[in-house]
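One chain is shown next in C-alpha cells, namely the form predicted on its own.
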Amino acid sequence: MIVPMTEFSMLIFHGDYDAFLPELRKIGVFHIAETNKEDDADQTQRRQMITEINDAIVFLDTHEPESNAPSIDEGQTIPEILEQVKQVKEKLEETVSEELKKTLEQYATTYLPSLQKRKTELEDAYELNRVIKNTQDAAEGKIKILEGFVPRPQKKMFSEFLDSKGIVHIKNRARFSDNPPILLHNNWFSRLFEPIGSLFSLPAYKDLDLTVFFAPFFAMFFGFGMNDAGYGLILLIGATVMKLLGKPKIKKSYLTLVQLLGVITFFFGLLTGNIFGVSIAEFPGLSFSKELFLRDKQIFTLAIAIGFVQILFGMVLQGLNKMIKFGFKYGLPQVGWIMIILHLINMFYFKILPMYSHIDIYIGLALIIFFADPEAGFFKGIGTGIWELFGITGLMGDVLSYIRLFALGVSSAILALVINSIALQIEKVSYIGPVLFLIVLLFGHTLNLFVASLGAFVHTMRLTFVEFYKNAGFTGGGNPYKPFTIVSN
C-alpha cells in the first residue's frame, strides 16, 4: 500500500539554519518538496561525476577483488582513476586476455574503496545543496521556509523533534494536488514484486498500489508461460544453491522471487504433465495419468478465463478506488462495465440466469453514459459516456491478449520436445553418440530454459502493465520517497 504522507512547513530563524540542517539530516525522515528543480553548474557537475563514479563502481564490482592481487599506485585522483577504468573497459570490449583480468583485479582491490568514498561525499554534498536551493527566504532573509513531507507513522516523532529544536511548523494531511512522494509498505510476498512494478512506474499518490494485487497473477502467469515441471525445478534448485553460497552481488529477495516462480512453474508443469519436454504419462506405469492432465483446449480456455478474471478484478479495484478517494458516483462507470461483461459471459457461456430480461445491460449502459464524467455538463457528459462505450472493442482485445499465455506454454513444450528428438537421433552415432546425446540435452534445454524464462517474464509484464494496469485505472508517475538523510556506502 501507499504510506500516507503529512506535509510540514517549517519556519527557521536564519541564524539557526546552518546548525539545523545536520540535525534534520540525522533524523532522516524529511522529504524535501522541490520548488526549484533546476540544477546550477556546480550541482550539474556533481551529478555527472556521481554517475561516472557509479558506472565505474558497477563495472569494477563485477570483478572480485583479490586479496593476493598486487597493489598499484594509490596516489591517483578520481578523474585519473576514472580515465584508467575507462581505457581498460574499452580494451576489454575488443579483446579478453589474462593480463586485462589481472589489471581489473588490481583496480578493484585498490580503487573501489576510494571511488565509493568519493561517491558518498558527492552525494552528501548534492543532497545538502538540493535542500538549500529549495529553501525560501522571508522577512528580508531573516526567516528560512522549508517545506516537505514525512510519512504519517513518523509524524508525531518528527513534530516532537521540531518542538525540541524550537522550530515553528505547520503540519497538514498531504493532498493529491501536493504531489507527495511515494513510499510503499507491503507484506513479504508483495515486496518481492515491488522491483517489477518499479520497472514500469511508481503509482501516483491518488492511485492504488497495485503490487499486492498483481503479484499472485504475475507468479501464476509466469508458470503458465513456462509450462514445464523440470524447468521449475531447475529455477528452484539454482536459486536455492545461490542463496546458500551467499552470492553478495545478488539481492536475496531476487533469489527468493526466482524460488517462488520456480515452485509455481513446477506445479503448473504437473498440471499439464510436462517435464523437460516429456509427457509424464509416457513414463512406465503412469499411462493412467494421461486423463488427469490439462489438454491444449483446456489450457486455451483457462488462459481466456484468467484474462476475464484479471480484467474484471482491475475494474473492481478502479471503481472502489474512485469511490473512496473522489466520491461514489465516480466509480459507477466501472460498475456498469462489470454488469455488462458478466451479462455477456453468462449469455454466451454459463447460461445460468434466464435471458428473458436484459435490465442489467440497460442499467450498465446508463451508468456508463451518465456518469463517465460527473464534473461535465449534461450534454458533454452524455457525449463522453457514449464515446466510452467504444471501449468495448479495446476490452475484447485485452481479453484476447491473454492467449499469449497459451502460446508461450505450447511453444516452450514443443521446443523441449524437439530438443529431445534431436538428442535421441544423435545418440545413435557410433562411439560418441552417448556423449553427444548429453551435450545436446544440456545445451538445448539450457537455451530453451533461458528463452522460455525471458518470454514468460516479458509477456507477463506486458499483461500486467498494459491490460491489468489500464483496467485498474493506474495513472503512475509517482516520485519516490527520498528523505534528507546521511548517505552511507
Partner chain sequence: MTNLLIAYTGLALMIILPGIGSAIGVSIGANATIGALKKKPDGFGNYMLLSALSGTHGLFGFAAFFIFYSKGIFIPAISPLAASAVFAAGAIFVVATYAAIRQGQICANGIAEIASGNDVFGKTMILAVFPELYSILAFAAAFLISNKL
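If you superpose the two forms and keep the largest set of C-alpha atoms that fall within 1.5 Å, you have the rigid core. Small disclaimer: the values here were computed from a predicted structure and weren't measured. Residue numbers count along the first chain shown, from 1.
In what follows, reference is made to the form predicted in complex with its partner chain, a form of this protein that is not presented.
- Checked against its partner chain in the predicted bound form, the residues 458, 429, 424, 439 give one hit for a heavy atom within 4.5 Å, which is 458.
- This chain lacks the partner; the member of 130, 144, 404, 191 within 4.5 angstroms of its partner chain in the predicted bound form by a non-hydrogen atom is 404.
- Taking the partner from elsewhere, residue 200 is found to have a heavy atom lying within 4.5 Å of its partner chain in the predicted bound form.
- At the 4.5 Å threshold, heavy atoms of residue 454 reach its partner chain in the predicted bound form.
- Within this chain, residue 417 lines the site of its partner chain in the predicted bound form, having a heavy atom no more than 4.5 Å away.
- Its partner chain is not drawn, but in the predicted bound form it has a heavy atom within 4.5 Å of residue 465.
- Contact annotation: its partner chain lies within 4.5 Å of heavy atoms from the stretch 396 to 404 in the predicted bound form, the single such stretch among 396 to 404, 366 to 374, 219 to 227, 119 to 127.
- Shown here without its partner chain, the chain has no residue in 1 to 21 lying with a heavy atom within 4.5 Å of that partner in the predicted bound form.
- Relative to the superposed rigid core, residue 51 undergoes a CA displacement of at least 2 Å between the shown form and the other one.
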